[in-house]
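The chain that follows stands alone, in the form predicted on its own, written as structure tokens.
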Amino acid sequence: MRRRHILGLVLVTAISVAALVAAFPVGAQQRVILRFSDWHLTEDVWNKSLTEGIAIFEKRFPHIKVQTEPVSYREKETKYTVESAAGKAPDVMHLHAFSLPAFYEKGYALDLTPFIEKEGKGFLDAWYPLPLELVKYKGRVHAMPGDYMTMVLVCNTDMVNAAGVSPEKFPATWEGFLDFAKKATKPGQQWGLGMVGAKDPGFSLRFSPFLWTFGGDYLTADLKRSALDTPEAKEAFAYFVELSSNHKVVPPGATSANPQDVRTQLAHKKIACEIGSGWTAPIVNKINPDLRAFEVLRAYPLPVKKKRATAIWLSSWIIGPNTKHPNEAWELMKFITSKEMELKWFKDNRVTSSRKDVSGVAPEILNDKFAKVIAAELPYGKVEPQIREWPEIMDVFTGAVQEALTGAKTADRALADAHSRINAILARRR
């Protein structure tokens, strides 16, 4: 009986092993789930593109399932920081470039250099030099570049014409633009310019060109002190604030207006112009198809004061440091930033790529009336200071703008107080 019992156990074990072998044959890849987080998953146009892209990826990698995790643009840094500290960050995350230094220094972005080296010599040659420099930390690559474009002025040409200005001879200076904005403004009905004044990550992209074209800057060249006490910075700050407070060429309530609010104003002909980029036309078209955004809207270089300048938008992708599936996460990141998908992002959403083998050669981009203006401004583009304190500094600065816009402080007082507070922040790193 004992021998029969043993034989029975052996038989049962053999059957179980056979079943496991059948389920996972030799050489088969076990199913992997990757957590993928991106603020674009909350947006109608982009979400469709991402869903289609992920479907292509999963078809090519049947053993990988991509689990999407939407997050708002405003909350992404907080979410990813908290989750990374707890060792529970998504496998692949999308960030604005200014967030990278803080993630690098805290160890929240996996070093991608080993993966890139395995891809072979010349793998990174497809990207523009500036984006590649911004994704490096201590000489090693910790992120992959995504969107790469400049901020431009996007205007409704019907409203430009109605203001008595030819769309072919749009003002090239801020003085000329102010004159146009006054003509385009009908108090209580429509205004010349939409203004983002809310505490939103998109604010600095829209204010920085004012500061830089007036010859000012946020920080000194060594990034150790505030530069907001210069005559150029004061002039730029006053011009921006007075568009609302004195000239009334922007809609009321600018301090609560985020980029989507301003795009909605453009979509419904409440404003003639806004500061935007490649994403503006498709989003506005989604909000109000009756506007015929791709026909009516036109992109112009931002007006000039003392020098030609604009802000560069660069997004980036990182892999969470605690990922259990680094090789699969790299495959997903490589796919997202591939030539194939970067061209898809443009076709669907009009965003230009940090890949020069896409933005520099694709006919779809070179012949697009918006993209060619955006690309032409790249030589005049600047990026925000790449230091970990930048989000805190910008929070202080945006607060100063709001104080001036609401009249809680004079423009001079608000800027002076921000200058002092920013110096206090920078003193901690010296």
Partner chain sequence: MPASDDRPERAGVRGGEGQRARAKERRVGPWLFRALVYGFLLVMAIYVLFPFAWMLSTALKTESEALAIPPTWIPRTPTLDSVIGIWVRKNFALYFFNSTVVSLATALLSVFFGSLAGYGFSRFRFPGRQFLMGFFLATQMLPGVLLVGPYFKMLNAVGLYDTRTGLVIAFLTICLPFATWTMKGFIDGVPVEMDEAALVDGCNRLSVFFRVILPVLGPAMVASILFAFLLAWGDLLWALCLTTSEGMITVTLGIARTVGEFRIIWPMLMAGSLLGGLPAILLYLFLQRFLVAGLTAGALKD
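Residue numbers count along the first chain shown, from 1. The model shown is predicted, which means the values in this text are computed figures rather than measured ones.
Keep in mind that the form predicted together with its partner chain is missing from the display, and what follows is about it.
Site annotation in the model of the complex: the residue of L291, I287, A233, M341 reaching within 4.5 Å of its partner chain with a heavy atom is I287. The listed set I283, L219, L132, A163 contains one residue whose heavy atoms approach its partner chain in the model of the complex to within 4.5 Å, identified as I283. For the candidate spot formed by A86, R263 and K270, every residue has a non-hydrogen atom within 4.5 angstroms of its partner chain in the model of the complex. Although the partner is absent here, T173 is not a contact residue: none of its heavy atoms lies within 4.5 angstroms of its partner chain in the model of the complex. For E75, a non-hydrogen atom is located within 4.5 Å of its partner chain in the model of the complex, even though that partner is not displayed. At a distance threshold of 4.5 angstroms between non-hydrogen atoms, V82 is in contact with its partner chain in the model of the complex. Its partner chain is not shown here, and in the model of the complex it never comes within 4.5 Å of any heavy atom of F180. Look at 123-131, 352-360, 275-283, 328-336: in the model of the complex, residues with non-hydrogen atoms within 4.5 angstroms of its partner chain sit in 275-283. Looking at 310-340, the one residue that comes within 4.5 Å of its partner chain in the model of the complex, counting any heavy atom, is W313.
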